[in-house]
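Form predicted alone, single chain, as structure tokens, below.
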Amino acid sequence: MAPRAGAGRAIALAARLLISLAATFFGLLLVTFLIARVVPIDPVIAVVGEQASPETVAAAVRELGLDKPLWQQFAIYLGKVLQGDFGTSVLTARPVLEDIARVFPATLELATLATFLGVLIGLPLGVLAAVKQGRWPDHLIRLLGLFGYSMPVFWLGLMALLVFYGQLGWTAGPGRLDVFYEDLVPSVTGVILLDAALAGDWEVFGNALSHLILPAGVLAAYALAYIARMTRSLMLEQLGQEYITTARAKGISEARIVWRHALGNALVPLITVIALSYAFLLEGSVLTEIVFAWPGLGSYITNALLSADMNAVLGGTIVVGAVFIGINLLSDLLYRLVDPRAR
């Protein structure tokens, strides 16, 4: 009976997750659809141009289905999205999904490295700040966190370009690659570092890394500050628990108490913190991509918005929302995996 009961609970949990995901995604599609109908951009004019004849405009209205009731338009929109059809981009004349598949790996590469740097540096800093609470390392780390959290991304990016690229010449400039290195390695994943490594072309790898380090570092400043601040808060909570006092009374070393016991328990909520930070970097790298001419999803959506290309804007928005939903689901599953009490 116990195995059957366990299987029943697992099925019920999976069903609840699927229903929650479906409802969230449906809400996302509904909001994006309504936004497209509210913004002061005429999709018909964007397609046929301002000089089109009334007959051409009327034909475009019928072709786009804008002459139908709103609920019917949404049903058509929902059906197309579920089939992976986000329409055709006015700006590139290609399917929006094809454009997104081309630009999203650049944003993924940028946000992944930024999150990795944020965790690698921010987590130990947060632990150190908690252990040294009230002393100068704590004050210094909190000051650095405030700097990284509040500094405008575009200003920080411009200053990084001016100093490290313009003045010192330590890194490459804007873009993902120098012109000489473009198309030298086959695009397998769309992530240049991985593609260059798979091809064994370490010269292209080095050039791509040199271009990546500045924008990733600028984004990592935000991730680092957020992760360090949350790590400090969670560690202070754990270090004040009774089991820490008991461990110290037993003579367990301070390093083991901090890094194994306290951090081990703080790691559970930190998973959600890191996952949300990663999702925000995937969604919020627009200014960084513009400053560094990084051809990612943020730049794509911005250019589409400036060109009144609503199909591309809505397609990019849906992808960003789907990423948030997926990362939240993944963090929830990891939470249950790490903490047996949540199962």
Partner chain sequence: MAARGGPSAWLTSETPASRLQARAVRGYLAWRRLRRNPLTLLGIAILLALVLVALAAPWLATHDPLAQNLDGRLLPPGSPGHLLGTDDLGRDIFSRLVHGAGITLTIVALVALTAPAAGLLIGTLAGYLGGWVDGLLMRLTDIVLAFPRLILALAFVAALGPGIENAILAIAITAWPPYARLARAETLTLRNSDYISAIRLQGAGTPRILVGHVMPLCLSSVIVRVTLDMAGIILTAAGLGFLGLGAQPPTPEWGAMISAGRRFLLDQWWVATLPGLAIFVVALGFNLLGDGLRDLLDPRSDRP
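Positions refer to the first chain, counted from 1. These numbers were taken from a predicted model, which means no experiment stands behind them.
What comes next is about the form predicted in complex with its partner chain, which does not appear here.
- In the model of the complex, no heavy atom of residue 252 sits within 4.5 Å of its partner chain.
- The closest heavy atom approach of residue 272 to its partner chain in the model of the complex falls outside 4.5 Å.
- Residue 281 falls outside the set of residues with a heavy atom inside 4.5 Å of its partner chain in the model of the complex.
- By the criterion of a heavy atom within 4.5 Å, residue 335 is excluded from the residues contacting its partner chain in the model of the complex.
- Candidate site formed by 108, 218 and 239: none of these residues places a non-hydrogen atom within 4.5 angstroms of its partner chain in the model of the complex.
- Note on contacts: among 71, 136, 147, 243, the single residue with a heavy atom within 4.5 Å of its partner chain in the model of the complex is 147.
- Checking 131, 230, 196, 223 against its partner chain in the model of the complex, a heavy atom within 4.5 Å turns up for just one residue: 230.
- Residues 301, 302, 305, 306, 310 of 295-311 are found to place at least one heavy atom within 4.5 Å of its partner chain in the model of the complex.
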